[in-house]
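Form predicted alone, single chain, as structure tokens, below.
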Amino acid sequence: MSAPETAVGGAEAGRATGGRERILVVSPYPPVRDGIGAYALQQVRSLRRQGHHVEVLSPTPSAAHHHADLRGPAGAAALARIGTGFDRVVVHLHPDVIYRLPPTAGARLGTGLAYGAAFRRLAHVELRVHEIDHRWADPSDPTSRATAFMLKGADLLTVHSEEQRSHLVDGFGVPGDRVHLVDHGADFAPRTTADRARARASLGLPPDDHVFLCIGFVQPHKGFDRAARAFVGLGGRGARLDVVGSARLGDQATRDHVAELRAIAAREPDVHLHLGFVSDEMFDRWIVAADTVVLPYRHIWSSSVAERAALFDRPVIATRVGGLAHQVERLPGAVLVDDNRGLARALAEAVGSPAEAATPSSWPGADGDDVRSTVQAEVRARAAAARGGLPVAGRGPTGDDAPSPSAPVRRLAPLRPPAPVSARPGVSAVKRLMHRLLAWELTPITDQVNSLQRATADALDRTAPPPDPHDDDADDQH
């Protein structure tokens, strides 16, 4: 194992020989629809522009030069075999690529040891760490040493935020001089030449509305549903929210999330859902067309979307999770929020409509007989703000900001079978076997239960009685 000769960043991270290198990039790769693959493609192009000879190893058939199942010890052996002879190997590290899912304790142990050994056999390994579960560094977890052994086997680890660097150094014990910060957008280049007016015309967007944009693969952790709920109440103020992207995974959690987005878009006329994979050019055209890019993520380490927004000088509203704050706070006009209420407030302020109703600070004063109704209205306003939306006049059954009648049903978690994992050695394998044997019987049942839940919620919304202007206290009786 050789040590890095220089502390460098971006596409130049790695061994600096001053000449042309043979580099193997390990990553999902187009035409496979994968965010890391799109990121890796830009890095490969940048490295080639610098004069390096670059080949790509991908875990599935693609436009890459080499294909191999990279999961588990067999995947580590394949990497060691293919990577031999290259001056540098750049591995885009994500658990989905090298672990069999779910990554059980046994999988983390075997995979960690095998990859740690493989990295030590190769000339120079850089891990571009996109994601790794920081809980795997728990010293009470017997597999934590295997994960640390794997990470320490690399010559260089590159990350996009100080938070990520701290996790690797403090959590896994990787020497600090091996973990370098790199600019997330170092290799990014614009894919469209359209200006705002042309982009909007080509996408069928109104020329003057304030367009909020959520774009990327549709997954629960991206939190696009949070933005849709926070947007409620702004449609009548010259704004719209467009959610653009495709579902990368076909698991039950993703299907439920897509169904939830469809339901919100059906209820809210100015929330528009555009499901489907978009090309690199179309991706950038959407960003150019937008006034504000919204990143309402529940958890993430860093965001390529934030970098592409910066590429076109589009302001960003983002949640303060993972390393996102570190990445976004340097961008002009960026706003960081901590919760749903903050998100609703930031969206409202972006369209020049401060969300006074969503940020109550004290109970309102009231005179005489109107105290009860005034306080009740304030309770509803605060509840709406806590859910992440602005109170909407005339939307509820009492003609004010009453919540959707389907809210209790939608708050129920989707039915899913428990993950076939166990901390006891060998039990995970037995559970996986049982899961495979029974899945054909259980999956249709859970899917049907979840479909019934969604249908019930939709029916409640559609059959809600119209507001009764003569029954102001109806909601107060219950």
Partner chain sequence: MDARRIAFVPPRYGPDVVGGAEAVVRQVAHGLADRGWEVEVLTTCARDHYTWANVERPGPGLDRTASGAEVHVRRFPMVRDTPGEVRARVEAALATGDVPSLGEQEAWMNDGPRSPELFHHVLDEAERFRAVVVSPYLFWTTFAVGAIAPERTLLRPCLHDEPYARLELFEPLLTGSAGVWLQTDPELDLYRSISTPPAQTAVVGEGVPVPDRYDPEGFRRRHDLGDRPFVLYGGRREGAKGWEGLLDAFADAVRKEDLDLTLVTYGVGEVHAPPDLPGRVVDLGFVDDATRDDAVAAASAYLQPSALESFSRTVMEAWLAGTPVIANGAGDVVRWHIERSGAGLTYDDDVELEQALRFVAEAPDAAAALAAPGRDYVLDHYTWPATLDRMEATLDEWFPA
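Numbering follows the first chain given and starts at 1. Computed from a predicted model, the values in this text were never measured in an experiment.
This protein has a second form, the form predicted together with its partner chain, left out of what is shown; the following refers to that one.
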Exercise. Does each of L295, V321 and V335 have at least one heavy atom within 4.5 Å of its partner chain in the predicted complex?
Worked result: no
Problem set entry | 4.5 angstroms heavy atom contact with its partner chain in the predicted complex for V56 | yes
Exercise. Does its partner chain come within 4.5 Å of any heavy atom of S279 in the predicted complex?
Worked result: yes
Problem set entry | Distance check, L442 to its partner chain in the predicted complex, heavy atom within 4.5 Å | no
Problem set entry | Touches its partner chain in the predicted complex: H435 (any heavy atom, 4.5 Å) | no
Seminar exercise, completed: Only one of 71 to 79, 193 to 201, 105 to 113, 206 to 214 has residues with a heavy atom within 4.5 Å of its partner chain in the predicted complex, and that stretch is 193 to 201
Exercise. Among L412, V430, V449, A63, which has at least one heavy atom within 4.5 Å of its partner chain in the predicted complex?
Worked result: A63
Seminar exercise, completed: None of R345, H92, H167, R285 but one has a heavy atom within 4.5 Å of its partner chain in the predicted complex; the exception is R285
Exercise. Even though the chain is shown alone, can you say which residues of 34 to 61 have a heavy atom within 4.5 Å of its partner chain in the predicted complex?
Worked result: L41, V44, R45, R48, R49, V56, P61
